[in-house]
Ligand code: HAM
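One chain comes next, on its own, written as structure tokens: the form predicted alone.
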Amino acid sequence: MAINSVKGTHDIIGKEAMGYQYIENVFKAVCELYGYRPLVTPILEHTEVFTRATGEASDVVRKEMYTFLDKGGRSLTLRPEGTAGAIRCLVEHKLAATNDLPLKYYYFGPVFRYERPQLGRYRQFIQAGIEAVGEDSPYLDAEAIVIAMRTLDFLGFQNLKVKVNSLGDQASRDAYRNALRDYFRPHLDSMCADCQERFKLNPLRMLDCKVPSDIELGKNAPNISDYLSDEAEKRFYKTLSLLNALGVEYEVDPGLVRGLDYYGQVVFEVHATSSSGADYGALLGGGHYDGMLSDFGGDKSIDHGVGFAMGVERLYSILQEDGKLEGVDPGLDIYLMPLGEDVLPDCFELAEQIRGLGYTVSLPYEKLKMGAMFKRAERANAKFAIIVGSDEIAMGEVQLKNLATKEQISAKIETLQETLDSLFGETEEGHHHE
């Protein structure tokens, strides 16, 4: 019987794989511009890493986690998001004691959520994100937003807008939760079962409901801005003034709460519009958090962080749709064409020499007709063909053909590097392959 991939997972191959790699490379380059370093945590964590950090009221914990008992009877979970595992790692390895603060890391890897697979939504998907931990600074909050914007900008997204809100400090949120309970209490019976549960655990989550009648009800709910402490309000305006100074366009959205319970103070999403004016919605989201380090036994005095995460599948499908990934596959530099079986061994060695110069090379491993080799070169999007017959080997030469212009020249094998460097438009100092 045929065995297919598990429902809600997908294979990433060919041009799609090149597109994902391109997104990862751009993201990594932007993070490193800001002094962030890579962090790779295990896909498996103890379940309490997520229940403790993400909050019992979040949909992720209540409905979407892949949790199971291992052979020793321990409850393990496939990570549903990146932040909790990152914080666990920073505390476990006492990184705050041996490094300057803030600790700044980025990650890129698979996460798992058990939800109904829809178009472009998977149960295993790739998330890219950053965490800056250990300092409580509006500058760091603003920097996280700028990194998010710059990443999307470098990837080719246009018409970006930040939606931003403040959830305030603990005192602000406590006062606001009470106000929300007072507002929703008379309507509870008519609301969805999820909201009835959220009412008890964390009424802020009710503003995130997707049920149309509950969304309508939420529109007239009290506004968090009316419950911000002076301190929280001052901090929020400081972040906004930093964004103003950098010319970042934003809109304050009082309904923005984010889906995980650990957020406080500044929360944000970046939205994009297509060239035709279609709204793509939020491409990424994040915000400030306090209290997570001490949840894992870390130092209370540095218990602050900020970060964001974005789903790579979604970015890929929009970039693909907008034709922004056309040049992502660079193609092959050279397709080597042996004329006859007897020159195959020489060609095999020659290919290795040329790779040593930093050029990408492919060749057939059996005798093929000339036409078939040119077809392969075309499919591999090769720039040049190197044609090698026994006569050429005897004279220490090869035929070099530019597959775009069809020009063909003879080249000495001993001076092949100089010939290739000049043909590929490179200087003697070296070229882009090195």
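Just so we're on the same page, rigid core means the largest C-alpha set that superposes within 1.5 Å between forms. In this text, residue numbers run from 1 along the sequence as written. The structure presented is a predicted model; accordingly, all values stated were derived computationally and were not measured.
As for the form predicted together with the ligand, it is not shown, yet the points below apply to it.
A.B. asks: Which single stretch, out of 238 to 246, 105 to 113, 207 to 215, 295 to 303, brings residue heavy atoms within 4.5 Å of the ligand in the model of the complex?
C.D. replies: Looking at the partner contacts, the answer comes out as 105 to 113.
A.B. asks: Please run the contact check for residue 263 against the ligand in the model of the complex: heavy atoms, 4.5 angstroms, yes or no?
C.D. replies: Close contact exists here: in the model of the complex, residue 263 approaches the ligand to within 4.5 Å, heavy atoms only.
A.B. asks: Indicate whether residue 335 is a 4.5 Å heavy atom neighbour of the ligand in the model of the complex.
C.D. replies: No - in the model of the complex, heavy atoms of residue 335 and the ligand never come within 4.5 Å of each other.
A.B. asks: Using a 4.5 Å heavy atom cut-off, state whether residue 166 contacts the ligand in the model of the complex.
C.D. replies: Contact with the ligand, no.
A.B. asks: For residue 309, is any heavy atom within 4.5 Å of the ligand in the model of the complex, or not?
C.D. replies: Answer yes; at least one heavy atom of residue 309 falls within 4.5 Å of the ligand in the model of the complex.
A.B. asks: State the residue from 150, 355, 314, 324 whose non-hydrogen atoms include one within 4.5 Å of the ligand in the model of the complex.
C.D. replies: Exactly one residue meets the criterion: 314.
A.B. asks: Though the ligand is not shown, can you say which of 283, 90, 155, 256 has a heavy atom within 4.5 Å of it in the model of the complex?
C.D. replies: Among 283, 90, 155, 256, a heavy atom within 4.5 Å of the ligand in the model of the complex occurs only for 283.
A.B. asks: Give, in sequence order, every residue of 127 to 148 that has a heavy atom within 4.5 Å of the ligand in the model of the complex, or say none if there are no such residues.
C.D. replies: Sequence-ordered list: 127, 130, 131.
A.B. asks: State yes or no: after fitting on the rigid core, is the Cα displacement of residue 272 between this form and the one not shown at least 2 Å?
C.D. replies: Yes, its C-alpha moves 2 Å or more.
A.B. asks: Compare the CA separation of residue 109 and residue 279 in the model of the complex with the one in the displayed structure, and answer closer or farther (the difference is at least 3 Å).
C.D. replies: It is closer: in the model of the complex, the C-alpha atoms of residue 109 and residue 279 lie at least 3 Å nearer than they do here.
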